[in-house]
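Only one chain comes next, encoded as structure tokens, the form predicted alone.
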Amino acid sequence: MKKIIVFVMLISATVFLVQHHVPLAQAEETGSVHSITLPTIPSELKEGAGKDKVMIFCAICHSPDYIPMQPRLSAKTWDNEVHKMIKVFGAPINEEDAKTISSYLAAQYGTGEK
């Protein structure tokens, strides 16, 4: 019985939302479309060769603030992480930049192990 009530409520809510939906064109005409500008929060990554590439490429998908949150990783593990971002998540990074990024991460946030 509860499932039927929940189902009916969902259908009713959907019908209500569809009936009271204001098309985007109409919203633009009435001036009810608003935009916001989010603040830019600078990342506090360590200085080093390759930081610029990290800021350019890594920030496409996630905040660079995630980098210092990671445990210290070996150079090989950082390299694997960078290549995972490329192969699995589609990060648009060429091999030369990937090496620069991996080197930076290993130097600044690594264990010192290869």
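In this text, residue numbers run from 1 along the sequence as written. Predicted model, so just to flag it, every value in this text is computed and none were measured.
Keep in mind the form predicted together with ligand HEC is missing from the figure; the text below concerns it.
Participant: Can any non-hydrogen atom of residue 105 be found within 4.5 angstroms of ligand HEC in the predicted complex?
Facilitator: Answer yes; at least one heavy atom of residue 105 falls within 4.5 Å of ligand HEC in the predicted complex.
Participant: Does any heavy atom of residue 76 come within 4.5 Å of a heavy atom of ligand HEC in the predicted complex?
Facilitator: Residue 76: no, not in contact with ligand HEC in the predicted complex.
Participant: Evaluate residue 81 for contact with ligand HEC in the predicted complex, applying a 4.5 angstroms cut-off between non-hydrogen atoms, and reply yes or no.
Facilitator: Residue 81: yes, in contact with ligand HEC in the predicted complex.
Participant: Within a 4.5 Å heavy atom cut-off, is residue 62 in contact with ligand HEC in the predicted complex?
Facilitator: Close contact exists here: in the predicted complex, residue 62 approaches ligand HEC to within 4.5 Å, heavy atoms only.
Participant: What residues of 93-110, in sequence order, lie within 4.5 Å of ligand HEC in the predicted complex by heavy atom?
Facilitator: If the 4.5 Å heavy-atom criterion is applied to ligand HEC in the predicted complex, 93-110 yields 93, 101, 105.
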